[in-house]
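Shown next as structure tokens: one chain only, the form predicted alone.
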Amino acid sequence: MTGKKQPVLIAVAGKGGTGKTTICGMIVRYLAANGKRVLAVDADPNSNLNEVLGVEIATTLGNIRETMVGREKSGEPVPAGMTKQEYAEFMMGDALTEEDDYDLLVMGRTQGAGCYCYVNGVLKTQIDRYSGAYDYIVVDNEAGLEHISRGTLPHIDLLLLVSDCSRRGIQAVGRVSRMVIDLNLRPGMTGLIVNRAPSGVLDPGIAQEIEREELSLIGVLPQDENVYKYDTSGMPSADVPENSAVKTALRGILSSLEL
């Protein structure tokens, strides 16, 4: 008996401020434009993938968790005719935002002790629940790889580490790369994307730092004023023109990876 085809899972990680979430949003746009069924997952409590994509979300997994905890504390019963588990599944379904060419699932922030672990478990359940409907799952992670190390995500086919073109940025993703090895995570492939390089050219000193950190460089993205202008104007940064420098370079990288 043949099992259902598993989606290709792309995890994007890196420290805040490097343009990680914008790159993640552009990857989602690229895959969707090429006819792929895509589930975008915002698994970084501090990121704003929905804003990068220009998507209005009804709620997050964290918000739903808080609502359910509040009902329990107040003694408010679940709706008539539903078990607690059925009600939980019904509520969690509201966290999936369906767009025309991709869907988005947002973890969101939580409050109180133990919430993070709980929502990690909920996130895993939801990814498992929906994964069979997609060709690709693209996950925006926090730098600490919380969701990967806790087994929230299934096997990762491609781990993209994003850094700016600073030594500290390269050293930060170097630590993430070593963490991947220490945790025995074994992604199918791990690659580094250096973002915001002046004129798209990597400085020789940064190239040496990448070599020292034993990172596999798969591409360099130029500093692009379009991204800055879109962001400061409140427009989705993933929607910069297709002929913009950053999108042109990113398409080349993704094409070389045969995505």
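From 1 onward, residues are counted along the sequence shown. Remember, predicted model here, so these are calculated numbers, not experimental data.
Another form, the form predicted in complex with a small molecule, is not on view; read the next lines as being about it.
Looking at residue 223, you'd find a heavy atom of it within 4.5 angstroms of the small molecule in the predicted bound form. Taking non-hydrogen atoms only, residue 251 never approaches the small molecule to within 4.5 angstroms in the predicted bound form. Residue 16 belongs to the set of residues with a heavy atom inside 4.5 Å of the small molecule in the predicted bound form. Among heavy atoms of residue 37, none comes within 4.5 Å of the small molecule in the predicted bound form. Just one listed stretch, out of 206-214, 58-66, 29-37, 193-201, contacts the small molecule in the predicted bound form at the 4.5 Å heavy atom level, and that stretch is 193-201.
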